[in-house]
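As a starting point, one isolated chain is supplied in structure tokens, in the form predicted alone.
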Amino acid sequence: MGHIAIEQVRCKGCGRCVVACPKNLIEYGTELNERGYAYVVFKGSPEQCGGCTLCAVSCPDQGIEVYNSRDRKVFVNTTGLTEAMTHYCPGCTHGVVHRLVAEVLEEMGLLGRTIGIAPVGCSVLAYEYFNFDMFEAAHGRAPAVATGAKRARPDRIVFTYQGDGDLASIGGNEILHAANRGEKITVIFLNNAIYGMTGGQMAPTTMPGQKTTTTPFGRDTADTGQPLRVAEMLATLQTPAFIARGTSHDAKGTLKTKKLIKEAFEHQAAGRCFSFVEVLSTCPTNWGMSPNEASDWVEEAMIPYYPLGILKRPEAVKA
């Protein structure tokens, strides 16, 4: 038995928790919060709720806490994030990945040693959300800034947080050479197959036939080539590295992705190698879909092309 507490003001009504609840105990509300969003409500009882936490795991806005039958919290918001409410659109899973990174760093006791690098793009305001030191980098240049920070302070945990337009396009050269040099940094790469912040244009990762503002009839691969598989490309380098791909489109995938992010930071903490985790993410607004339709599209269109799992692991620690 258990129950959940929904912080109404944080809720954007995306409905990801509604879909995630295995017992259908959460529903869309009819009233608006002070920010103008129709927030979700818990319609169940403690006898019905199993306290599985999948609703909270799915929430991009840190708006749900879960309690057990003894009224003890079993899912709490991480201290690795500030109380600031994000600027992301309803259903955007940037907030989910923010939480995963912050939770891992908190659980590993690394918050006080961490430096994050956020470039221009959807994550441009990440310094407002992460509760540790942050740098702002020019578009695509986060790996260069991270290289400087890590070489100057090798005792620090340094990571970049980048989108696909940033990392795979203008920053393609930066990430390739940082990985090839074996910089002891961690890269969190969000792939939502589009330029989410700057107008919904085609990105290097845009899927064949996908409509964007610059491909209104769908991406024509005869003209633009195939979507880049950045993780696979980096995995071909001879330099030792940890390269993996996860997803944030559903709760179970999110839990698996957290394990990948943790391993990535473990490799850095051990001074072992460059580490890179690509996370498939949703962009409901620019895709022209509801948040739940966007999650389904990741499952149906993106995962077959961008398969999940570990692509490369240092020889010394291979399972």
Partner chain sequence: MSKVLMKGNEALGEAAIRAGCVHFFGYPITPQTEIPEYLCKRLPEVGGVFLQAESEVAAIHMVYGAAGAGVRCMTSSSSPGISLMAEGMSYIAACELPCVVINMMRAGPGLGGILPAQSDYFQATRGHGHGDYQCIVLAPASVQEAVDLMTLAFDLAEKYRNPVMVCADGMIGQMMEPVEFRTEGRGPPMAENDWALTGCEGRPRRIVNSLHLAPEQNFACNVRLKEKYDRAAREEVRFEVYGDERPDLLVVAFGTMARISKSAIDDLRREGRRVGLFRPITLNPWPYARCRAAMDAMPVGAKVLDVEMSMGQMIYDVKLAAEGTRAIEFFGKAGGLVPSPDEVAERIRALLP
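Positions refer to the first chain, counted from 1. If you're wondering where the values come from, they're calculated on a predicted model, not measured in any experiment.
Beyond what is shown, the protein has a form predicted in complex with the partner chain; the following relates to that form.
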Exercise. Exactly one of V187, V230, M202, V145 has a non-hydrogen atom within 4.5 Å of the partner chain in the predicted complex; which residue is it?
Worked result: V145
Exercise. Just one of A241, A137, A244, L105 has a heavy atom within 4.5 angstroms of the partner chain in the predicted complex, so which one?
Worked result: A137
Exercise. Since the chain is shown here on its own, which stretch among 70 to 78, 215 to 223, 179 to 187, 202 to 210 would lie within 4.5 Å of the partner chain in the predicted complex, judged by heavy atoms?
Worked result: 179 to 187
Problem set entry | Touches the partner chain in the predicted complex: N131 (any heavy atom, 4.5 Å) | yes
For this session: Considering only heavy atoms, tell me if V120 and the partner chain come within 4.5 Å of each other in the predicted complex.
Result: yes
For this session: Would you please decide whether T236 lies within 4.5 angstroms of the partner chain in the predicted complex, comparing each non-hydrogen atom pair?
Result: no
Exercise. In the predicted complex, does M85 have a heavy atom within 4.5 Å of the partner chain?
Worked result: no
Exercise. Mind checking whether each of A149, R153 and R156 has a heavy atom within 4.5 Å of the partner chain in the predicted complex?
Worked result: yes
Exercise. From first to last in sequence, which residues of 264 to 287 have any non-hydrogen atom within 4.5 angstroms of the partner chain in the predicted complex?
Worked result: none
